[in-house]
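Quick setup: one chain, the form predicted alone, written in structure tokens, and binding and motion questions come after.
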């Protein structure tokens, strides 16, 4: 029984990384109508920035995490303004944005490879809370607890922002129809910048925590999060962060449990087969309703 609970915690922690990434990815898609293939690189660069903050600046763990989150957010804004804003002005549509995001992904991925020397780096073991916690014979790491708490806080905060604030109403208005939102007094540019930053920051947080948990800070860090995060958005419903977060956690649990009790080599196949079955039954996702993606 203790093994099952420990694996459940492992799955929740892994799924929390997928959930954090999915929150940002879904926010961009729902508000800006962009399937951003470069989103995974934000996680990679955030982890690289946080590691540099620890190694070169000697910053403590909380500040290093903030540096990584800020780096992810800043990169999200930079990519949006350089790659996507010109396309929005020309009305290029989703396909043009997708192709551009692939190009941005390749460029940022290659630059991350140069920054890390194509190596898999890791945070010094004394730079983050690395102890183990024991509750009733169940063992789990401090970083797992931090990751789960961070995911819950980010999900709650983003849900309240999007659904229960004036700025969230502005985000939904821009996602539905940018021109109409401008007519009623919303500043679309301010909304776009804030959305890009929040989405990049969520991805950055997933990258930093994932880089620490897996002892892997490399250019490929974000690629693993990208596929699973996208699946979480599709299953959870891209117009509600709660669904994306819940689907991300469920995906992590399925992955860990499949590896433990069925087959390590088949864990991805089993996971995606179950997700496919879920989508056949509920194609709009867990909380999918009326989307506010621009028409």
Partner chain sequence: MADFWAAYQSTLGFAMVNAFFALSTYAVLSAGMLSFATVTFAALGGFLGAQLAVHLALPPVLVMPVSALSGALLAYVVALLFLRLDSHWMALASLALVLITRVVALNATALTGGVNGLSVPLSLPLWVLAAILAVICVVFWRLSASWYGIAARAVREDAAVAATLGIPQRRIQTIAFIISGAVGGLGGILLALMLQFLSPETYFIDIAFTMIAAVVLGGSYHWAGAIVGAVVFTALPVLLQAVVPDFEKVANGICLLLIMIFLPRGLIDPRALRLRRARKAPSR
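Numbering follows the first chain given and starts at 1. Please read these numbers as outputs of a predicted model, since none were measured by experiment.
The same protein also exists as the form predicted together with its partner chain; that form is not shown, yet it is the one meant from here on.
Contact check for residue 95: a non-hydrogen atom falls within 4.5 Å of its partner chain in the predicted bound form. With a 4.5 Å cutoff on heavy atoms, residue 87 counts as touching its partner chain in the predicted bound form.
By the criterion of a heavy atom within 4.5 Å, residue 69 is excluded from the residues contacting its partner chain in the predicted bound form. Using a 4.5 angstroms threshold between heavy atoms, residue 27 stays clear of its partner chain in the predicted bound form. Heavy atoms within 4.5 Å of its partner chain in the predicted bound form map, among the stretches 107-115, 69-77, 200-208, 147-155, onto 107-115 alone. Of all the residues from 209-236, those having a non-hydrogen atom no more than 4.5 Å from its partner chain in the predicted bound form are 227, 230, 231, 234.
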